[in-house]
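Only one chain comes next, encoded as structure tokens, the form predicted on its own.
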Amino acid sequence: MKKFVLLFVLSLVLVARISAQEDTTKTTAEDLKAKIDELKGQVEGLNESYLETKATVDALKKIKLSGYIQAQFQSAELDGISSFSGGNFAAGLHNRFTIRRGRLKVAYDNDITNYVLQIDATEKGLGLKDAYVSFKEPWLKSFGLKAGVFDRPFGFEISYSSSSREAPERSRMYQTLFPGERDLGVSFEYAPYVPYEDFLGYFNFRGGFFAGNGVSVEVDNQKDFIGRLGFSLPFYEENLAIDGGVSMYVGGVKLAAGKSIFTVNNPTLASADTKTTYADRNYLGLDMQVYYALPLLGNFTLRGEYISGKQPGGSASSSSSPTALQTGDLYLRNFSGYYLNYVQNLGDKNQLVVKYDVYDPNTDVEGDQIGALAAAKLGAGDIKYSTLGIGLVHYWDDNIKFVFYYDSVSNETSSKLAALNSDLRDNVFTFRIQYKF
């Protein structure tokens, strides 16, 4: 009997232990499955986080931030002179410190689409320089469209960045005809994705329609056409490259009601037109750039441009292109201008710069013909100017460069104009430090 009872008890203990082991095994399997599910969730969470981070990084890689600051000191011959070397000097001043340009540019480059916004911050305030969208077709990636505020597609000097240009300022001709360089409009562009592959690969084109008064708001219904057909010829074996182009501007400036358009190309009398709604604004330009490596001195660049046409100015004292709606008479002149710019590398860090530019706002008159007769409407706006600039550029490193430059300005004289009966003392020396990133 005792044996039977002992055997029964052992059986119960064994059954209990087996049941306990089964429960433990079941619990362990469930825990393991839960842990695996938790691990899978963590992995999937990490993967989602990685994908989100990758998408953010990929988007940030398309954003390009760049800019430059040009801090400078200038000294002129006399107080308060008018100048194209960075603007007029204030009354009583013949030297000054300025921030000539303080640019910050944000671009989003999505391969065939682009967004660009650039501002200019100086001691004078904050201004808009560029704000445009552009895109290319996805097949050849050679044809594109640009709309907004951007460089006028005319000649070479407008589109050549102020941060790269060796001379401190653009020529008097360009500052007069295209103040501010930018305009509001739309442009069609062709640039070969693979250059020199065929005949068309040597050419490029930019052209479109613009407001005609710079970055200011629209002031009339007139839309001006601006365009340039360019070419690029590389001669690799000769270490030579030649670029160039032909540019055209076809537009007009609106005449205010009750005002006249004076054609001031007659030294005897100006002809007045009160019936025409717009004064013609037509330019034709030629430009060429030669790049060559001299055997001993090193690389040099020779650039030149010539522009002629009809220019409507807003006064007898200036031939500058209007940037706002005109309320007075217009003065229509035949003009011409050109510049030659020679840049010689001196080693790896220095450049010698020699630039000569001429702007004649009225090619039909000269000297004492200007101001001889009040009815002829001829004045300071018809005076011819030439400027010889000589400078040295030193590149401290990839970011900083120093510019030492002297502008020697000569003007046409007329004994009939008291303020211009001799050469003005308006030469300017510029010392500039530029930081670019």
Partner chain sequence: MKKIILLLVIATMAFGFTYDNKVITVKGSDTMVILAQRWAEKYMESHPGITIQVTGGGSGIGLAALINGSTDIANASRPMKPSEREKLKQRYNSLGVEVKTAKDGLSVYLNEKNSVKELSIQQIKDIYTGKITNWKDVGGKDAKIIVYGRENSSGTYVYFKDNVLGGQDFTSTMQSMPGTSAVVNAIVKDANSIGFGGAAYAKGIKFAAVKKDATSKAYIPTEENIKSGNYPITRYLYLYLKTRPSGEMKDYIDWILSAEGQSIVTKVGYFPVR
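For clarity, every value in this text was computed on a predicted model and none was experimentally measured. Residue numbers count along the first chain shown, from 1. Heads up, when I say rigid core I mean the largest set of C-alphas that superpose within 1.5 Å between the two forms.
Below: the form predicted together with its partner chain, not depicted.
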{"item": "Residue 241, heavy atom within 4.5 angstroms of its partner chain in the model of the complex", "value": "yes"}
{"item": "Its partner chain contact at residue 166 in the model of the complex, heavy atom, 4.5 Å", "value": "yes"}
{"item": "Interface membership of residue 199, its partner chain in the model of the complex, 4.5 Å heavy atom rule", "value": "no"}
{"item": "Distance check, residue 67 to its partner chain in the model of the complex, heavy atom within 4.5 Å", "value": "no"}
{"item": "Proximity to its partner chain in the model of the complex, single hit among 83, 118, 260, 232 (heavy atom within 4.5 Å)", "value": "232"}
{"item": "One residue of 88, 350, 317, 216 in contact with its partner chain, assessed in the model of the complex (non-hydrogen atom, 4.5 angstroms)", "value": "350"}
{"item": "Its partner chain in the model of the complex: contacting segment from 395 to 403, 365 to 373, 30 to 38, 378 to 386, heavy atom within 4.5 Å", "value": "395 to 403"}
{"item": "Those residues of 179 to 194 which, in the model of the complex, come within 4.5 Å of its partner chain by heavy atom", "value": "193"}
{"item": "Displaced residue check between this form and the one not shown: residue 398, CA, 2 Å or over, core reference", "value": "no"}
{"item": "After fitting the core, residue 57 CA displacement of 2 Å or more between this form and the one not shown", "value": "yes"}
{"item": "Inter-Cα distance between residue 299 and residue 197 in the model of the complex, nearer or further [3 Å or more]", "value": "closer"}
